[in-house]
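Only one chain is shown below, in C-alpha coordinates, and it's the form predicted on its own.
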Amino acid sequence: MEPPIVYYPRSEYIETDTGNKVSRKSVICGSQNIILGGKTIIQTECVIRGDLRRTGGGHAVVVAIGRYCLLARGSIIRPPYKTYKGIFSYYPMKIGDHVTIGEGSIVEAATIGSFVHIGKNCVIGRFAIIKDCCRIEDNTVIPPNTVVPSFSIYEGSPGVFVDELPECVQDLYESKTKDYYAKFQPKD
(Lines give C-alpha, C1' and ligand atoms only; values in the text may rest on other atoms or scores of the structure.)
Protein backbone atom coordinates (compact mmCIF):
# COMPACT_ATOMS: atom_id res chain seq x y z
CA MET A 1 0.00 0.00 0.00
CA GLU A 2 1.39 3.37 -0.94
CA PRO A 3 1.68 6.20 1.56
CA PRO A 4 -0.99 8.89 1.34
CA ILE A 5 -0.09 12.16 -0.35
CA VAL A 6 0.38 14.75 2.36
CA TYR A 7 0.82 18.44 1.76
CA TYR A 8 3.33 20.27 3.93
CA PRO A 9 4.05 23.96 4.30
CA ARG A 10 6.53 25.00 1.58
CA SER A 11 8.87 26.48 4.20
CA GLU A 12 9.23 23.06 5.85
CA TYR A 13 11.02 21.52 2.83
CA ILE A 14 14.29 22.33 1.14
CA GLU A 15 14.32 21.48 -2.56
CA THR A 16 17.78 20.94 -4.05
CA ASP A 17 18.82 21.59 -7.63
CA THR A 18 18.68 17.82 -8.25
CA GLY A 19 15.02 17.72 -7.19
CA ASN A 20 15.49 16.22 -3.72
CA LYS A 21 12.89 17.38 -1.21
CA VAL A 22 14.24 17.30 2.35
CA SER A 23 12.22 18.23 5.42
CA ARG A 24 13.83 20.82 7.66
CA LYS A 25 12.48 18.68 10.52
CA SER A 26 14.61 15.68 9.52
CA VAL A 27 18.00 14.95 11.09
CA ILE A 28 20.81 14.55 8.58
CA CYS A 29 24.15 13.93 10.31
CA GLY A 30 27.37 14.01 8.31
CA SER A 31 25.73 15.28 5.13
CA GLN A 32 29.13 15.41 3.40
CA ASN A 33 29.14 11.58 3.57
CA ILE A 34 25.63 11.12 2.11
CA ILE A 35 24.76 11.01 -1.59
CA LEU A 36 21.18 11.47 -2.80
CA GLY A 37 20.66 10.42 -6.41
CA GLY A 38 17.95 12.99 -7.12
CA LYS A 39 14.18 13.36 -6.82
CA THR A 40 14.28 11.71 -3.40
CA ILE A 41 11.87 12.77 -0.63
CA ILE A 42 13.02 12.75 2.99
CA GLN A 43 10.04 13.42 5.23
CA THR A 44 9.73 14.90 8.71
CA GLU A 45 11.56 13.25 11.62
CA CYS A 46 13.72 11.01 9.38
CA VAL A 47 17.23 10.35 10.61
CA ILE A 48 20.14 9.61 8.27
CA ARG A 49 23.46 8.94 10.01
CA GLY A 50 26.21 9.86 7.58
CA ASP A 51 28.48 10.72 10.50
CA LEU A 52 28.87 7.06 11.44
CA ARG A 53 31.84 6.23 9.28
CA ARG A 54 35.02 4.27 9.40
CA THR A 55 37.85 6.18 11.03
CA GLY A 56 40.98 6.76 9.00
CA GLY A 57 41.06 6.03 5.27
CA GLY A 58 38.45 4.24 3.27
CA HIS A 59 35.06 5.18 1.89
CA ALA A 60 34.00 8.79 2.25
CA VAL A 61 30.46 7.91 1.16
CA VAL A 62 28.63 6.35 4.09
CA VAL A 63 25.06 6.30 2.76
CA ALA A 64 24.22 6.37 -0.96
CA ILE A 65 20.53 6.70 -1.85
CA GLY A 66 19.32 6.41 -5.44
CA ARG A 67 16.73 8.31 -7.47
CA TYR A 68 12.99 8.53 -6.70
CA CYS A 69 13.29 7.17 -3.17
CA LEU A 70 10.89 7.97 -0.35
CA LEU A 71 11.98 7.94 3.27
CA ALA A 72 8.69 8.22 5.15
CA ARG A 73 8.17 10.04 8.42
CA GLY A 74 10.28 8.81 11.34
CA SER A 75 12.40 6.32 9.38
CA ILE A 76 16.01 5.82 10.51
CA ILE A 77 18.87 5.02 8.14
CA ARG A 78 22.22 4.15 9.70
CA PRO A 79 25.18 2.24 8.29
CA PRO A 80 25.92 -1.29 9.51
CA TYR A 81 28.81 -1.92 11.91
CA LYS A 82 30.82 -4.79 13.30
CA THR A 83 33.95 -5.54 15.27
CA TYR A 84 36.58 -7.34 13.21
CA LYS A 85 39.87 -8.45 14.78
CA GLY A 86 39.11 -6.28 17.79
CA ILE A 87 38.47 -3.14 15.72
CA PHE A 88 35.00 -1.58 15.68
CA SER A 89 34.07 -0.22 12.27
CA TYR A 90 31.14 1.13 10.26
CA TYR A 91 30.58 0.04 6.66
CA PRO A 92 28.90 1.89 3.77
CA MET A 93 25.23 1.40 2.88
CA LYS A 94 23.81 1.56 -0.64
CA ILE A 95 20.12 2.03 -1.42
CA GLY A 96 19.02 1.68 -5.07
CA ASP A 97 16.47 3.60 -7.14
CA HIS A 98 12.68 3.65 -6.61
CA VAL A 99 12.85 2.49 -2.98
CA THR A 100 10.15 3.28 -0.43
CA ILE A 101 11.00 3.02 3.26
CA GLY A 102 7.88 3.13 5.42
CA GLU A 103 7.06 5.21 8.44
CA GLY A 104 9.01 4.32 11.59
CA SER A 105 11.26 1.75 9.92
CA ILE A 106 14.89 1.26 10.96
CA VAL A 107 17.38 0.24 8.29
CA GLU A 108 20.95 -0.97 8.92
CA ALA A 109 21.31 -3.03 5.74
CA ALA A 110 24.47 -3.29 3.67
CA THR A 111 22.53 -3.07 0.41
CA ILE A 112 18.96 -2.45 -0.65
CA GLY A 113 18.42 -3.00 -4.36
CA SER A 114 16.20 -1.00 -6.67
CA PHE A 115 12.39 -1.27 -6.83
CA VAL A 116 12.01 -2.25 -3.17
CA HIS A 117 9.10 -1.44 -0.85
CA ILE A 118 9.75 -1.61 2.90
CA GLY A 119 6.58 -1.24 4.97
CA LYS A 120 5.87 0.64 8.20
CA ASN A 121 7.69 -0.17 11.46
CA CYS A 122 10.12 -2.64 9.90
CA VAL A 123 13.59 -3.41 11.20
CA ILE A 124 16.18 -4.33 8.59
CA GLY A 125 19.13 -5.87 10.44
CA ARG A 126 22.82 -5.14 10.06
CA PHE A 127 24.43 -6.28 6.82
CA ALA A 128 21.14 -7.56 5.39
CA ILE A 129 21.04 -7.59 1.61
CA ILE A 130 17.70 -6.95 -0.05
CA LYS A 131 17.92 -7.69 -3.77
CA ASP A 132 15.99 -5.83 -6.49
CA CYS A 133 12.19 -6.02 -6.77
CA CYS A 134 11.17 -7.03 -3.24
CA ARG A 135 8.48 -6.14 -0.76
CA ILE A 136 8.91 -6.22 3.00
CA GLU A 137 5.50 -6.12 4.69
CA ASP A 138 4.62 -3.84 7.65
CA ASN A 139 6.08 -4.77 11.07
CA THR A 140 8.60 -7.22 9.60
CA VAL A 141 11.98 -7.85 11.21
CA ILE A 142 14.72 -8.94 8.81
CA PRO A 143 17.52 -10.50 10.90
CA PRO A 144 21.15 -9.40 10.45
CA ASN A 145 23.03 -10.91 7.47
CA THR A 146 19.82 -12.09 5.77
CA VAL A 147 19.74 -12.10 1.97
CA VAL A 148 16.27 -11.40 0.57
CA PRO A 149 16.09 -12.74 -3.01
CA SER A 150 14.65 -10.78 -5.92
CA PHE A 151 10.87 -10.85 -6.54
CA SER A 152 10.08 -12.01 -3.01
CA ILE A 153 7.71 -10.87 -0.28
CA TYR A 154 8.92 -11.19 3.31
CA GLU A 155 6.75 -10.92 6.41
CA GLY A 156 6.86 -11.62 10.14
CA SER A 157 9.30 -11.51 13.01
CA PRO A 158 11.71 -12.88 12.03
CA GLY A 159 10.91 -12.15 8.41
CA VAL A 160 10.33 -15.19 6.21
CA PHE A 161 9.48 -15.68 2.56
CA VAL A 162 5.69 -15.71 2.09
CA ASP A 163 5.12 -15.14 -1.63
CA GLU A 164 6.57 -14.12 -4.98
CA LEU A 165 6.10 -10.86 -6.83
CA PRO A 166 5.25 -10.81 -10.56
CA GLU A 167 7.93 -9.78 -13.03
CA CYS A 168 6.05 -6.56 -13.79
CA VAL A 169 6.75 -5.27 -10.25
CA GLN A 170 9.66 -3.16 -11.48
CA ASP A 171 7.36 -1.12 -13.72
CA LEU A 172 4.73 -0.84 -10.97
CA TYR A 173 7.18 0.43 -8.33
CA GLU A 174 8.77 2.84 -10.80
CA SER A 175 5.42 4.37 -11.74
CA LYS A 176 4.33 4.56 -8.06
CA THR A 177 7.48 6.38 -6.93
CA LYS A 178 7.43 8.79 -9.87
CA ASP A 179 3.73 9.47 -9.33
CA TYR A 180 4.24 10.06 -5.59
CA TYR A 181 7.10 12.45 -6.29
CA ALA A 182 5.05 14.37 -8.87
CA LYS A 183 2.11 14.76 -6.46
CA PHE A 184 4.25 15.65 -3.43
CA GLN A 185 4.01 19.40 -3.69
CA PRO A 186 4.46 21.57 -0.61
CA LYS A 187 1.61 24.08 -0.39
CA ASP A 188 2.13 27.80 0.01
Partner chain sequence: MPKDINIGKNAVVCKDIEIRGEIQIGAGTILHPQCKILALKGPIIFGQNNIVEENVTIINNSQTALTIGNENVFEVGCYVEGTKIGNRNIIEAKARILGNTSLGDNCVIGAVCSTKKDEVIPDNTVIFGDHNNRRTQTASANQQSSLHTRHLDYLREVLPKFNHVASDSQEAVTHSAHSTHSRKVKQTASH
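It should be emphasised that the depicted structure is a prediction, and the values quoted were computed from it without experimental measurement. Residue numbers count along the first chain shown, from 1.
Note that the form predicted together with its partner chain isn't included here; everything after this is about it.
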### is_contact(residue 76, its partner chain) in the model of the complex, heavy atom dist at most 4.5 Å
yes
### Task
Considering only heavy atoms, tell me if residue 135 and its partner chain come within 4.5 Å of each other in the model of the complex.
no
### Task
Could you confirm whether residue 121 comes within 4.5 Å of its partner chain in the model of the complex, counting heavy atoms only?
yes
### Any non-hydrogen atom of residue 126 within 4.5 angstroms of its partner chain in the model of the complex
yes
### Query
in the model of the complex, which of the listed residues (27, 162, 147, 61) lies with a heavy atom within 4.5 Å of its partner chain?
27
### Query
Can we say 32, 47 and 51 each have a non-hydrogen atom within 4.5 Å of its partner chain in the model of the complex?
yes
